[in-house]
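Presented as structure tokens, the chain that follows is alone, the form predicted alone.
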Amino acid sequence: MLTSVPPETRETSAPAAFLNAKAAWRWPEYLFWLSAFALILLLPNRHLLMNEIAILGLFALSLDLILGYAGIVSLGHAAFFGVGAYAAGLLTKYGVTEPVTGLLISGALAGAAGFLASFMILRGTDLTRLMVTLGVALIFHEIANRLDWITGGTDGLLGVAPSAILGRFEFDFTGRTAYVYSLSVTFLLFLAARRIVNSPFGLSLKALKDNRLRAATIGIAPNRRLIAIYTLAAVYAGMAGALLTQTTQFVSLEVLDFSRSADALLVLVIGGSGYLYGGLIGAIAFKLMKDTLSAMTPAYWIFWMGFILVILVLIGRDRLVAGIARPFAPLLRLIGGRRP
């Protein structure tokens, strides 16, 4: 016997079906993460570089949460990266040597800093927010420099020696443990971010990015959502900074430099913003280009990096990627279940 579905049930299930379809995993995502974990065995001599890529990818992902989904451009995102880095270093040096515990505390402290700073970005134009974020980063940098008796100042914080992860996995000189640790943390935080951006909260952020006034008229509270996502992005950035400190066993003022924020922006320019994978893909491309160019031309690698970025902007990232992928289109269609 056929039963009709009440109209209110259909109205309720339609948005849920839409969100479930957006959150569904696709084969390129499985391939991406399986490849990342397979590199643990496939490239045993490149673990240190891959560890840097995983940390930069997480940092860029944190910036993408506010830039790609909330439309907040930041030139000072390194402030929260530095808070997490110094927090992890000081915790390790003065008693909390277990890395995961230090990671969680560092992320919470960076999130608290992001929560306080978020109230300063709620008003004004994009240019005002840009200057405020830069000002916050400069303030944190100067505080760390002045408190050299705590942070080590320009000499850096020495004596950072974390214990085994969860009491079982010791850090080694090859960087294997560091890469597995950083990649695992990045993957777990990516899963959480993916769930958030594909939720009603994530859709409301996109509405705010498109038109804040229109979103407010339909009942979306802009300030609360911007504070929430800015705080979450600060937590992610702080955890990325903590990973860097724990895996390199050193932290200096460089974690608060403007160049740190600029690198994250460049990574998103390369990989794209607003879909989470842009930060990860951009981090891979950026680090590999930097490593290759600095090895080929140590004195001029910055010139060639800038040249490549200019070409990328002039041609367009989407057109360039489409041109590279065109010869592999039949294979991609075949893997995707379509006839070539």
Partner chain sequence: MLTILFDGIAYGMLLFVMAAGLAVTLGLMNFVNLAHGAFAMAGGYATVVLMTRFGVPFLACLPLAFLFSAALGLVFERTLYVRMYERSHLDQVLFSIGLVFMAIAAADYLMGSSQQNIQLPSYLQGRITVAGVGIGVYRLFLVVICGLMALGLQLILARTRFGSQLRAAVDDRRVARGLGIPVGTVFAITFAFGSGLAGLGGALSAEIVGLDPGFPLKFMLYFLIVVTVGGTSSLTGPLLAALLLGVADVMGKYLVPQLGAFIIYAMMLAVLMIRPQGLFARGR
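The structure displayed is predicted, hence computed values, not measured ones. Residue numbers count along the first chain shown, from 1.
Missing here is the form predicted together with its partner chain; even so, the following discussion is about that form.
Consider the chain as shown here, without its partner, and state which of 37, 27, 275, 303 has a heavy atom within 4.5 Å of its partner chain in the predicted bound form. It is 303 that has a heavy atom within 4.5 Å of the partner.
Please tell me which of 150, 100, 262, 158 lies within 4.5 Å of its partner chain in the predicted bound form, judged by heavy atoms. By the 4.5 Å heavy-atom cutoff, the listed residue in contact is 262.
Look up in the predicted bound form whether residue 31 has a non-hydrogen atom within 4.5 angstroms of its partner chain, and give yes or no. Because no heavy atom of residue 31 falls inside 4.5 Å of its partner chain in the predicted bound form, the answer is no.
Residue contact check: residue 258 to its partner chain in the predicted bound form, 4.5 Å heavy atom: Answer yes; at least one heavy atom of residue 258 falls within 4.5 Å of its partner chain in the predicted bound form.
Would residue 43 sit within 4.5 Å of its partner chain in the predicted bound form, counting heavy atoms only? No - in the predicted bound form, heavy atoms of residue 43 and its partner chain never come within 4.5 Å of each other.
If you check in the predicted bound form, is residue 67 within 4.5 Å of its partner chain, heavy atoms only? Yes, residue 67 lies within 4.5 Å of its partner chain in the predicted bound form.
Spell it out for me: taking its partner chain in the predicted bound form, does every residue among 96, 105 and 166 have a heavy atom no farther than 4.5 Å from it? Not a single residue of the candidate spot has a heavy atom within 4.5 Å of its partner chain in the predicted bound form.
Among 70-78, 107-115, 168-176, 246-254, which stretch has residues whose heavy atoms lie within 4.5 Å of its partner chain in the predicted bound form? Selected range: 70-78.
Contacts with its partner chain in the predicted bound form - residues in 136-159 whose heavy atoms fall within 4.5 Å: Contacts from 136-159: 136, 138, 139, 142, 143, 146.
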